[in-house]
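Here you get one chain, nothing else, as structure tokens; it is the form predicted alone.
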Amino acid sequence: MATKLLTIRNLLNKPLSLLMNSPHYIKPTYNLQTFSTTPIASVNFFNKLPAEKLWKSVTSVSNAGAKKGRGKGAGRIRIRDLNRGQVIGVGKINMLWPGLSAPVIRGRELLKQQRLPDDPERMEKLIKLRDSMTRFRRLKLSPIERGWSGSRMPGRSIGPPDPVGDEEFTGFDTKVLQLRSLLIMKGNLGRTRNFQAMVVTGNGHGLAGFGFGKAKEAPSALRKAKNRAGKKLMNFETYNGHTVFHDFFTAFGKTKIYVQKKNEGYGLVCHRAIREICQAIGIKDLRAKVEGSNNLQHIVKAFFIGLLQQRTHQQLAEEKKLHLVEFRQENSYYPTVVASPSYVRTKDEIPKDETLDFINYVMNDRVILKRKKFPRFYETMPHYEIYLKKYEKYRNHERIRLNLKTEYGEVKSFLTDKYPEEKKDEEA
């Protein structure tokens, strides 16, 4: 806003002409010719820039500051529209302005400027309206729809892939494994931001696939990855519909995965990305140990490679030309033949240096790294050995009584079977 002093001569000349006729008038010592008529601008920071740039300076951080970790909470500050709730012609003093806040003629009456009753609650309503614009509302999701960490996309379901022609993906579900933003430097566009997504889709009955997608926006990247995963489905066989056929070792890059077959009811004890893949395939019981690099893409690729390389029981029996026998705890470890080859080798035909241990054979002679268990600090002290000797006879009393009641129906000594006279003496 600039205020010009072009009319200052007229303002000064008018009162001077009235005073010059007065007898008490004294001629001033200043000369009107010395007054300047150049414009003087009253400019500051707040009326030099528009509201959009002013708000940006408050609610954002520069690129250099963002690289140094500044402004982490700046995204929660939202821009307020200070014009919202304001009415033209209505301010602290409630006035009626014909032609501005009201029509000039209302019916046959010519409206005049007049003051209306004040509204004491006007400022409170404006402040309440502005505060409602800045409330940071997080996306509320049900516990079932949440991902691995709250409302973030990894771990969330995004539905089945889009239909391809007349073929629909009935019964399929897609889970997001990774969604990250990539900054790419280009010569003509500068630094551009892209999104990369990795998803896995499956029907829970052996059909599953994973895919990647890149796009300028996150939803587009997720849709691309989902549709690509639906076009690259693979079929996986499961043992009794709940686990893998055997233990196996798999690797991709610096990532190593040791997968163990487990009994029904064990569950999925593994990396969260492997758990999502198992649920997409239909595997319910499995244990997996990841060693080396934790690169998520390498973990997914390594696990899919391991599933594709696993062999059925019949294939393992044909490879070794030996019977494949299974020992299960449910059957009291009674041996059960699960596969037999067309030709069985004799003992003389088996070389001495051949690996006959089943776990070592399917693991390719790899062993899972187990950390050494160190004793507790008090177990190395002398008093702990005295404690064990003192309470040894009381240690299992409660458990022994329970086992005796279960097996014999009563609490009795093991000497009654060896020495029957002991029982007679007790009855007597």
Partner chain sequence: MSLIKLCQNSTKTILFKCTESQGLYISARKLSIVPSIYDGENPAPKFFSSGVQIILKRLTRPNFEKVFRKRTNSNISVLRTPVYKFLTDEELKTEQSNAYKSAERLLQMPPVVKVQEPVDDVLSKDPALVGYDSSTYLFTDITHGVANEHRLIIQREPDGTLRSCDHDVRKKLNQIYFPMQGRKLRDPLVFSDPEKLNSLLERQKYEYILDRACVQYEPDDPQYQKLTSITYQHVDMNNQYDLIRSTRHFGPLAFYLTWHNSIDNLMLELVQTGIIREAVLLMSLRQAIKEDLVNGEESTALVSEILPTRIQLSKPEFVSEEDIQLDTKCMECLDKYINNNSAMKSQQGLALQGFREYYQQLIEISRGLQKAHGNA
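Positions refer to the first chain, counted from 1. Since the structure is predicted, the reported quantities are computational estimates derived from the model, not experimental observations. In this text, rigid core is short for the largest set of C-alphas that superpose within 1.5 Å between two forms.
Keep in mind that the form predicted in complex with its partner chain is not shown, yet the notes after this line are about it.
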item	value
Stretch in contact, per heavy atom within 4.5 angstroms of its partner chain in the predicted bound form, of 255-263, 106-114, 230-238, 299-307	255-263
Of Arg146, Arg328, Arg84, Lys92, the one that lies within 4.5 Å of its partner chain in the predicted bound form (heavy atoms)	Arg328
Its partner chain: the contacting residue among Ile88, Leu356, Leu189, Leu141 in the predicted bound form [heavy atom, 4.5 Å]	Leu356
Heavy atom of each of Gly150, Met198 and Ala218 within 4.5 Å of its partner chain in the predicted bound form	no
4.5 Å heavy atom contact, Pro335 to its partner chain in the predicted bound form	yes
Lys347, heavy atom within 4.5 angstroms of its partner chain in the predicted bound form	yes
Arg156 within 4.5 Å of its partner chain in the predicted bound form, heavy atoms	no
Proximity of Lys125 to its partner chain in the predicted bound form, heavy atoms at 4.5 Å	no
Rigid core fit then Asn364 CA moved by 2 Å or more between the shown form and the other one	no
